[in-house]
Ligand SMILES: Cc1ncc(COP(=O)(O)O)c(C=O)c1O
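Consider the single chain below, provided in structure tokens and representing the form predicted on its own.
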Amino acid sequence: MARQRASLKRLSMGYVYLSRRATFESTPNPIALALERLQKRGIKPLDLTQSNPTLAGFRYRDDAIRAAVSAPDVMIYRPSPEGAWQARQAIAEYYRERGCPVEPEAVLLVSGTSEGYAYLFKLLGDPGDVVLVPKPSYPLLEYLATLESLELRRYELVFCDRWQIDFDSLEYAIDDRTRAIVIINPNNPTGSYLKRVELVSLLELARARHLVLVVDEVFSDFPLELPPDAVTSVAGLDAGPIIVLSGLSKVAGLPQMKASWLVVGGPNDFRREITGRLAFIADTYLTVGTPVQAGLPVLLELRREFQAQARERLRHNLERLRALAATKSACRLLPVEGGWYAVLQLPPGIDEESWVLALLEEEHVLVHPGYFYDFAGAACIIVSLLCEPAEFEAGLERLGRHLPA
């Protein structure tokens, strides 16, 4: 991933002015430029950041998937802002199997979680309002908030034996313009789940300050080292204003299907108001295709086969990474509670970007530096545990040569 910081100045073209929301002047970072140089030389690095399941060697039921999106009724267009009823029923059943009391009426389909965030940012804030997001986390939210004219403000996740929310930084970040708190559960890339005591505190804070909890659960089906006090899903909770995001991209390993969903929880009056307004927004776009809505019950059922393969792969690769870290006492593999990523802390005094560039140029192995995700403190790298095992192990062998003993 080539993370590019945007400069949001107003751009004049001589005869028109472009909105600051969509004026992203950016330049490739040094890692992206190094990748480009290798590609021009015909060198394909071992990519330890690979997280696209359709390119990671998983077995899919191709015939069943094609049949699911090719039913005769896909030729008939019956638009529904909330999504087709049978698709919403299937999503509600998926949650009920996980012990979450979700009703179809609480579900709204979107074409992806990015669109889900865009809908929620339109719904929850006016221009200049504030949304809080965790740090570290995936950088996409910065752009989504900017496109909706919202300010993104960060609260800290701190590591002390395990990752936890720094509630002092969270409360400090809240002011009269704050409208929502985003929680990634489990976090990407720290892999840390929300804990029960944290959920209680978040609900109390949301009720006291009139905030909405937006909980992104796309990786919640992939626990690895799940602590007993972890909360794997908040879908269906009525204890406070909660909206959950998830989708087929991770749940079934089908990012190309472009089908995700929002689940509105909380008190009855909150659910009615939020679902009605979201339906109005969705009716303006109607982005989710009929074929994937028709096939969604089957695609969700097929998730079982993908998830069984993915969990086995994630555990295998995590063990291989743990074995490598055990031989390098200067490095530390941070705990991985769930998700697709792992964080390896580097020895003190190392410059992340220089180290990652040297690994790429000398060993032809690509990893992500921690600053891509706003890590603070000690240098670290992030790798994807979803890589094909043979490539992952080959990459780890080269990585081990580059790490201090």
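Worth saying up front: this structure is predicted, and the values here are computed from it rather than measured. Sequential numbering from 1, following the sequence displayed.
Below, we refer to the form predicted in complex with this ligand, which is not included among the displayed structures.
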May I ask whether Ile165, Ser192 and Ser233 all come within 4.5 angstroms of this ligand in the predicted bound form, judged by heavy atoms? no
Single option in Ala252, Ile184, Leu296, Val131 placed near this ligand in the predicted bound form, where near means a heavy atom within 4.5 Å: Ile184
Assert contact residue (this ligand, in the predicted bound form, non-hydrogen atom within 4.5 Å, options Ser80, Ser149, Thr178, Ser114) equals Ser114
Contact of Ser220 with this ligand in the predicted bound form (heavy atom, 4.5 Å): no
Does Tyr138 reach this ligand in the predicted bound form, with heavy atoms at most 4.5 Å apart? yes
Given that this ligand is not shown alongside this chain, does Asn188 nevertheless sit within 4.5 Å of it in the predicted bound form, heavy atom to heavy atom? yes
Since the chain is shown here on its own, which stretch among 279-287, 212-220, 325-333, 68-76 would lie within 4.5 Å of this ligand in the predicted bound form, judged by heavy atoms? 212-220
Relative to this ligand in the predicted bound form, which residues of 83-101 have a heavy atom no more than 4.5 Å away? none
